[in-house]
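Shown next as structure tokens: one chain only, the form predicted alone.
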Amino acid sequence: MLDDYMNWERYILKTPADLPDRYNYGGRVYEISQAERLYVAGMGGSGVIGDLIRDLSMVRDWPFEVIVVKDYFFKGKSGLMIAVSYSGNTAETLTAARLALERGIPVIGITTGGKLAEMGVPIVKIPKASAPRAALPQMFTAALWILRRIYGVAFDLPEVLPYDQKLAERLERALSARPTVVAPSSMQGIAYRVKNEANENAKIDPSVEILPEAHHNWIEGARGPIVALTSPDIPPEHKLRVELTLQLIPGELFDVSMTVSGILTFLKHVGIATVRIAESRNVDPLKTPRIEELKRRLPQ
């Protein structure tokens, strides 16, 4: 798994998504075109794609609203959906995709295979990695290519994601303390990715608080330590909120460029750090026994 993180750039998709202008599903024609609402459905390591797309849409002021769907339930009436499922068999994502199609909402899938690939909607097929959470570069860039194809959005496509040993060591020390990850809403997806990597890889339990809402409740009970996230690209109101938090609560600040290269480079180091924490705790970063047991107990 460490090898996947160390060589993440090899998974970045270099070519545009090949999508039709329209397709037929269940005897109904679906047009793939710009919509004011973009739903991104997914869970776990696949679900973070919607979170990161939402972050970028806020920072880059993309001309559509991003709504992240992480449930069976879907109430949208119009728009466009990208359904992301690494395995292609995620029950919640498949259910949301079917509900969208029933309401006439076009669905585009990102997957390695499974039921999503067999559903009959346009698919961007991605290469496999050691685990869904290690496959972030291919899922993330697949979604971005879809957005360029439909909306014409611009994004940088990194050739390399340089390794910074000092950053990895800082993250390892900071996350080992099981901190609260504090970030503004424009970096919410990155914050949750940090927490989720610590949960699944290292089997530890940091929490997340999002600003400015956390300044209206959490701040009174907070003790620290915190891992605070900021960026030169976020609104000044958000940067100030992060700075004020660190004046009141002990912690460490991490600066992330809100570009595709910056996000992937930072999250590469989060992955490396959490795998190394797992190794220091003598746990297997690949195995997720409680998640597998939950799947076993749920109705098939």
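Start at 1 with the first residue shown and count on from there. All values derive from a computational prediction rather than experimental measurement.
The form predicted together with a small molecule is left out here; the points below concern that form.
Mapping the unseen interface onto this chain, Gly271 falls outside it, with no heavy atom inside 4.5 Å of the small molecule in the model of the complex. Although the partner is absent here, Val283 lies well away from the small molecule in the model of the complex, with no heavy atom inside 4.5 Å.
Contact annotation for Gly262: none of its heavy atoms lies within 4.5 Å of the small molecule in the model of the complex.
Proximity of Gly45 to the small molecule in the model of the complex falls within the 4.5 Å heavy atom cutoff. Only one of Thr141, Thr230, Thr90, Ser186 lies close to the small molecule in the model of the complex, with a heavy atom inside 4.5 Å, and it is Thr90. With the small molecule omitted here, the record of contacts in the model of the complex names 128 to 136 of 209 to 217, 128 to 136, 101 to 109, 169 to 177, defined by a heavy atom within 4.5 Å.
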